[in-house]
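So this first bit is one chain, no partners, the form predicted alone, shown in structure tokens.
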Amino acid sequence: MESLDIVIVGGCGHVGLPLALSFADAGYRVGVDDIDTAKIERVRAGEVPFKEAGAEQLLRKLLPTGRLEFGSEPAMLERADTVVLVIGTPIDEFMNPSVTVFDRVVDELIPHIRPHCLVVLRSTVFPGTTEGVQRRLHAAGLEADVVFCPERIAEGHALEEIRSLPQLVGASSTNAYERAARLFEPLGVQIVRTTPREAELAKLLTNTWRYMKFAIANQFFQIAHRSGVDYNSVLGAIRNDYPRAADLPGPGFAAGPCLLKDTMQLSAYTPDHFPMGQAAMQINEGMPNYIIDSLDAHKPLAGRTLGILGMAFKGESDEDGREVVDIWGITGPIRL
């Protein structure tokens, strides 16, 4: 079978597929490996299984070129000298990072990784993960280069941002850095070199910063609402031709699993030293209860069933509740 330039593990998801399309469009021969066979068949047939601007048109343009190959078996990795892992670090029921899934997947892939391979970690991981993967591969007798090159895209704008936003490359050696830089060079992006742990923290801090901005927006809403003030009017006045407040978000059910997860990872990384992150979690995750309590104070809700509308990533996206959305009808004094 023909060699591949790159194999992307988790290649049919929101992070992996736009990257695969971008690499293939830049001339690489790309293997798309994913355990979700239903998604593989949809993509192979020219259908992108989520909303991403321009992705379906690009996919259909690339399929006849033969630069995309799809599969669900790790044996595909044996045909490439570069492997991109789109595997993040989840949190457990106690809000602590759980690396067991990550370690299990890496162990399953080790028998199929070529010697001296470049292994690129792409999803958000707990600080120290890149170094841990390097040690794990070396213990298995693989002298691979492991780098952390985080995705930084906004879903829905991935194809545009993969080719425009600077790419962080967290590498522990000059050779690993140079290999990763050459990998991303055809995309025409600026390359920023860091250590692996610096890049891991940069990704966590970026997502945590967004989550905390949503928290202060929700706290401001609660302050205004409790005092009987229409917060929409206040927010409009704050933002009106005033650039230093232009990025103040509106209030809403914020961030879903991703930004919460990353904030909790950062909190676990600095035990007892990140009270602001804990406070942000309490504010954002407590917003549904605040709304229900406010409604109940106006008219008892016992025996009623409440439906919550607007739990979406953002306009024109099919994700479920990962970003802040305005709570229409309750941003001012609640009336039943």
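Not measured: the values here are computed from a predicted model. A residue's number is simply how far along the shown sequence it sits, counting from 1.
Here the subject shifts to the form predicted in complex with a small molecule, a form of this protein not shown in this document.
**OP:** Answer with yes or no whether D36 is in contact with the small molecule in the model of the complex, where contact means some heavy atom within 4.5 Å.
**Re:** So D36 counts as contacting the small molecule.
**OP:** Answer with yes or no whether I87 is in contact with the small molecule in the model of the complex, where contact means some heavy atom within 4.5 Å.
**Re:** Yes, contact at 4.5 Å.
**OP:** Consider I153 of the chain shown here, and say whether it contacts the small molecule in the model of the complex, taking contact as heavy atoms within 4.5 Å.
**Re:** Yes, I153 sits close enough to the small molecule in the model of the complex that at least one of its heavy atoms falls within 4.5 Å.
Subject >> Contact test in the model of the complex: Q167 vs the small molecule, heavy atoms, 4.5 Å >> reply: Looking in the model of the complex, residue contacts with the small molecule do not include Q167, since no heavy atom lies within 4.5 Å.
Original post:
Looking at C258, L235, L266, A144, which has any heavy atom no more than 4.5 Å from the small molecule in the model of the complex?
Top reply: Looking at the other structure, the residue within range turns out to be C258.
Original post:
Can you say which of 219-227, 241-249, 135-143, 122-130 gets within 4.5 Å of the small molecule in the model of the complex, counting heavy atoms only?
Top reply: It is 122-130 that comes within 4.5 Å of the partner.
Subject >> Contact at V7, L19 and L59 by the small molecule in the model of the complex, all three, heavy atom at most 4.5 Å >> reply: Negative, none of the three is within 4.5 Å.
**OP:** Kindly indicate if, in the model of the complex, the C-alpha atoms of T194 and G88 are closer or farther apart than in the structure shown, bearing in mind the change is 3 Å or more.
**Re:** Farther, not closer.
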